[in-house]
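Form predicted alone, single chain, as structure tokens, below.
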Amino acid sequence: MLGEGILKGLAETAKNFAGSYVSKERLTTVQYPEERVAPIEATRNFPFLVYDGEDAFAGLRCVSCQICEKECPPKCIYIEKSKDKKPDYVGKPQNYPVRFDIDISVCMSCQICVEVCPFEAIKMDTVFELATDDRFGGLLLDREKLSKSNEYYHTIHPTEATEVDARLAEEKAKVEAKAKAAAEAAAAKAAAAPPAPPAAKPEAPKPTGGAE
């Protein structure tokens, strides 16, 4: 029948429209800000930096590789790399960002920075109430304001955060297993090596002839 698909679509739309008036779960209007609707897990607004543990600096996952800065389409990420290094989550010395700023007045929430980060260090937040009367400084978030704990990440994106933790744990286990195997191989090699020959004793000095 000609137009059957259109009629089915209109019927489904009418069904959803009528259902929104009688089903509480389908009501879309709330009395904001007194009432709030919890954002769905896939919600994304602006990026934030993830850190592990209690110390935001020591546990920061970012190693200032600057890939996100280079790939950002609106160029709203500004990173300054450290001159020294600190250990990452597997104990490997890594650089860290002395400066990490994001201008959220320019950010378009494309999530490309998240996609290109090889260290699972930057993720998308769900916070949207960021209005300020400071047009410039208030919308430029620095490293301290951007840093949020892995526990917070689990709160807003539990499924994704669990998968990330599993990948990082697997990677850490591989690094530790490799280091353990290398240590065992070195120990076995040292044990199998022949003992070093004893050091030669120095010859006693020859007596010199006395006066006749």
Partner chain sequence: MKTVEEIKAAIEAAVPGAGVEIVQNPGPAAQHSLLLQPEHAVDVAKFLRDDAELALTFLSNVTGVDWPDKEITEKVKVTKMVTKTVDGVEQQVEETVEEPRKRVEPGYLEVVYHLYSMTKKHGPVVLRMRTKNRTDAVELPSMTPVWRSAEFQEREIFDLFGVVFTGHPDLRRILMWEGFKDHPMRRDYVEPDDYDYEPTAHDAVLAKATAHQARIAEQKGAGQ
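A quick note: this is a predicted structure, and the numbers were derived from the prediction, not measured. Positions refer to the first chain, counted from 1.
This protein has a second form, the form predicted in complex with its partner chain, left out of what is shown; the following refers to that one.
In the predicted complex, no heavy atom of Ser82 sits within 4.5 Å of its partner chain.
Among residues of the shown chain, Asp165 is not one whose heavy atoms approach its partner chain to within 4.5 Å in the predicted complex. Taking the partner from the other structure, its partner chain in the predicted complex has no heavy atom within 4.5 Å of any heavy atom of Tyr96.
Interface residue remark: Asp52 is not counted as part of the site for its partner chain in the predicted complex, having no heavy atom within 4.5 Å. For the stretch 122 to 136, the set of residues having any non-hydrogen atom within 4.5 angstroms of its partner chain in the predicted complex comprises Arg135, Phe136, in sequence order.
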